[in-house]
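The chain below stands alone, shown as structure tokens; this is the form predicted alone.
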């Protein structure tokens, strides 16, 4: 059983030499031959260069690289025996994305994709809830889950947060999340916020029979995250949220081992890992680590988002997390479209993705609607109803005041 990783590299060295340096650095080799690296050991533990595809001449992207030849890009596939690290996500990460990024051979190196033995799923289990479990808990079937983010991101007290949740529940929202900046600050302590919010959520659930899913940001030390999870569960909550790059793989998996609620995985900090096209990670590769670890929801940005990511990239990310990794353990997560979203993006999102298995979270697109949050929720619902029914956005807006108001402000 072997692990495979695809990379895009840029190098002024011969492609075969650069690929061999990658394989040696991340397995049994080093910059000089050592006596212990026998042929028997290499046959057992060395990484292999499986494929190299020349992509042509490019300009040097990053400083510090060596070599005096023409710089060329290539797609390279390496593989490792599972026995090198076992089914361990932290050690997998050190293997496929370790010192490679610093080697002088490369003026660019990016991890594009991973293919893993099912032993990883058997150890970690993948998402415990994913799409189906999330829909069941939220009571939403056959359409996207309409969500929002508490805004302002910080500055509200627990009671002020609960009052906003009260308004959103009355408006018919499906999903609400804390902002990633709001966890357990002294102005809005986690326990006080959780108790105040869940009192509101439970009251509306008793009235309507539908419990709004609220993702409480419990990011912190491992023991803090576990205590906060248990508090949310005891209050009747149905979701918790973790900032992945803050908690790290080991912190996240420690929580996952004891979690009994869906984990909403926020990718804040993602731009540092991905923004330069010649460095870092493609989302397909990075998100597979977190799907295996057990993330139930994964952020993918959105159509015409407020950040630098293209529409094509956001849609490719969403498709990737909805694509099973294995037959026995699919590891499918719910994509979360967010960042500058409103009713104006529903039709294009549906046309590009072709699935309603998503959370469409609009912060300002709901909270700043001219008719208030209730109008914002209604505009999102009307836009998606029209999109799936094949009714043009302009036609639907003539029949729905909230949608028309949203388009007047956001389109």
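Residue numbers count along the first chain shown, from 1. Predicted model only: the values in this text are computed from it and were never measured.
Keep in mind the form predicted together with a further copy of the same chain is missing from the figure; the text below concerns it.
Only one of 48-56, 379-387, 61-69, 352-360 lies within 4.5 Å of a further copy of the same chain in the model of the complex by heavy atoms, and it is 61-69. Contact between residue 306 and a further copy of the same chain in the model of the complex is found at the 4.5 Å heavy atom cutoff.
Contact annotation for residue 209: none of its heavy atoms lies within 4.5 Å of a further copy of the same chain in the model of the complex. Using a 4.5 angstroms threshold between heavy atoms, residue 121 stays clear of a further copy of the same chain in the model of the complex. The shortest heavy atom separation between residue 135 and a further copy of the same chain in the model of the complex exceeds 4.5 Å. Of the candidates 73, 235, 196, 82, 82 is the one whose heavy atoms come within 4.5 Å of a further copy of the same chain in the model of the complex; the others do not. This chain is drawn without a further copy of the same chain; in the model of the complex, the residue among 128, 258, 154, 328 with a heavy atom within 4.5 Å of it is 154.
Of the residues in 258-290, those that come within 4.5 Å of a further copy of the same chain in the model of the complex through at least one heavy atom are, in sequence order, 266, 267, 268, 269, 270, 271, 272, 273, 275, 276, 277, 279, 280, 281.
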